[in-house]
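A lone chain, given as structure tokens: the form predicted alone.
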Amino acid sequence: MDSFIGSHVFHALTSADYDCIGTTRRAEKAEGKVLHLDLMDEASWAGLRAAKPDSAIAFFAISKLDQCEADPASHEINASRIPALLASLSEGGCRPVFLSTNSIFGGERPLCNEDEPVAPLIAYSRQKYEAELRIQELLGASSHAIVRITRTISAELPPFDGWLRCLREGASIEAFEDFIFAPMTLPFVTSGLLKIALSAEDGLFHLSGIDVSYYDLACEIALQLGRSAETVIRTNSVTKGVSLRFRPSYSALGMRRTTALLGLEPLSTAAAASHLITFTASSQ
């Protein structure tokens, strides 16, 4: 419940009448169906174990790239404690679903499929890959899924909230042409994770959008709102003085195994733009 994606998936599933339990690291926020969970304190895991969930989707992790580089606790939590908790839940009959990252492939090869070799270049992706291996070691043949995902976007998050507001007001916007990502929306992620969690299929899965620049996504949003692509002004990270610790040449994942087993396909750029527009329209 402390992560953006996790809180939205929890609310989406409870709104659809699924019996869900959430967790929070903040004890003061724990009430009702939201349990306190401290990954560094195994005593706090008792409540979740006692609930005996059929499946558990692990949204919790330290995901800030700089923190993973500098803070030794990030490795303990991401690569050790999370696998240990999921193994503990598995002993009670739970099917764990671990969220990993597209960044474990290094970003220099296009459309890496589930069975292709990894090349983690940064601390965060190395920790995620270590966690994958540890989960496979601890759970063995027990039912579990590892899901590598690309970036989840929302009309509530920058820069997308600002883009939508300005375009609707008739103003121009700026967007980077040199940032490549593979955007997925909250409805797509929620439905995909639910299908994986409820399936009888185990192993590695991928959920992905399509590689696109911020500029090209902004143009697609503008066109769907009835504005000209000329309202989107090209800019780049050099001009704006923006640097990133990890800037992949390719972000999208291949989904060959996931598509074959579950019928899930990558989210198109047009669908990602439509979801953002629909979300803000329904919220107004």
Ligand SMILES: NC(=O)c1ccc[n+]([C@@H]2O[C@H](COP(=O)([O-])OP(=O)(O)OC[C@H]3O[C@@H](n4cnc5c(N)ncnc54)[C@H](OP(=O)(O)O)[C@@H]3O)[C@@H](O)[C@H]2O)c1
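Please read these numbers as outputs of a predicted model, since none were measured by experiment. Counting begins at 1, following the sequence as shown.
In what follows, reference is made to the form predicted in complex with the named molecule, a form of this protein that is not presented.
Residues of just one listed stretch (229 to 237, 242 to 250, 214 to 222, 25 to 33) have heavy atoms within 4.5 Å of the named molecule in the predicted complex: 25 to 33. Checked against the named molecule in the predicted complex, the candidates Ala56, Met255, Ala61, Leu48 yield a single residue with a heavy atom inside 4.5 Å, and that residue is Ala61.
The contact residue chosen from Thr190, Thr101, Ser154, Ser90 relative to the named molecule in the predicted complex is Thr101, the criterion being a non-hydrogen atom within 4.5 angstroms. At a distance of at most 4.5 angstroms from the named molecule in the predicted complex, all three residues Ile77, Tyr124 and Lys128 contribute at least one non-hydrogen atom.
Although the partner is absent here, Ala70 lies well away from the named molecule in the predicted complex, with no heavy atom inside 4.5 Å. Using a 4.5 Å cutoff between non-hydrogen atoms, Ser208 does not count as a contact of the named molecule in the predicted complex. Thr278 falls outside the set of residues with a heavy atom inside 4.5 Å of the named molecule in the predicted complex. Shown alone here, Glu42 lies farther than 4.5 Å from the named molecule in the predicted complex, counting heavy atoms only.
Shown here without the named molecule, the chain has no residue in 168 to 203 lying with a heavy atom within 4.5 Å of that partner in the predicted complex.
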